[in-house]
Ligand SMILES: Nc1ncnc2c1ncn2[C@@H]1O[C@H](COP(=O)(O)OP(=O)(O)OP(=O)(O)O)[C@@H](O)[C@H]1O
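Have a look below at one chain only, the form predicted alone, in structure tokens format.
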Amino acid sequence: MIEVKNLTKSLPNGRMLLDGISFKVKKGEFVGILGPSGAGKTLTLRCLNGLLKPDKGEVIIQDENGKGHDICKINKRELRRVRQRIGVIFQGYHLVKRLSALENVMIGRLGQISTARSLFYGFTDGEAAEALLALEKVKIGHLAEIKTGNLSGGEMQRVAIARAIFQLPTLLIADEPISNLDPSNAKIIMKMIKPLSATMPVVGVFHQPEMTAKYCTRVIAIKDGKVIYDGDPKLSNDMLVEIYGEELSLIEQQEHAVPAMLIN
């Protein structure tokens, strides 16, 4: 479980970026965060894994033993330990392109082994087998030895999901994971992320209301740094207008656009 309580963040000039953001996500939930550009979605997500410290508020994350940790208050050493179990899927993949898909997956567990082992010994055969199993779960086990730089965008995002699975996380955060993909691959990635919520809370930032309506169990809408909606992922047109305003027409055009070249 992750519980966010009254997150507040402002600029030195007093401009409020986050204004009392609060919500809770439990295991079994796949929550999509929506909102217009500059609403505070990404800032909120950065607070969830300790990359940004709010001025006020709490972010309580349960570890693998069920113990809660407020990552806004714990020391750096403890934060590093908690973050080892937070899986993150990025918009830009964040893979090492000169390494194979299998090696990129194993990187996900680097923070969980000693420095000496990572430098001189590396991963065991058993861990390599686990990493291969993670690739097979996202249906690209046959690409394990291929350098990531030779993969398509959709395949690279599958590697990123496999890396998160291999990490054995207690929380999964997805930062615009389908923004760089064509509609066909975006659906594939959403279908792969959704089942992961059976074992951990999944929270993601998205720009596609059609996708969150179909695959998420719940939607949170943020506007001007505040939560203005928290509930059913199938949003009415009136609510979409309230959330996005003039930006809605552009989003609808992008959702229905047919790309010139599909990414496999």
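Just so we're clear, the structure is a prediction, and the values are computed from it rather than from any experiment. One-based numbering along the sequence shown.
Quick note: we don't show the form predicted together with the ligand, though the next part is all about it.
Mapping the unseen interface onto this chain, residue 240 falls outside it, with no heavy atom inside 4.5 Å of the ligand in the predicted bound form. Under a 4.5 angstroms non-hydrogen atom cutoff, the ligand in the predicted bound form has residue 176 among its neighbouring residues. Residue contact check for residue 37: one or more of its heavy atoms lie within 4.5 Å of the ligand in the predicted bound form. With a 4.5 Å cutoff on heavy atoms, residue 217 does not count as touching the ligand in the predicted bound form; it lies far away. Of the candidate stretches 42-50, 191-199, 55-63, 229-237, only 42-50 has residues with heavy atoms within 4.5 Å of the ligand in the predicted bound form. Contacts between stretch 1-24 and the ligand, counted in the predicted bound form as any heavy atom lying within 4.5 Å, involve 11, 15, 17, listed in sequence order.
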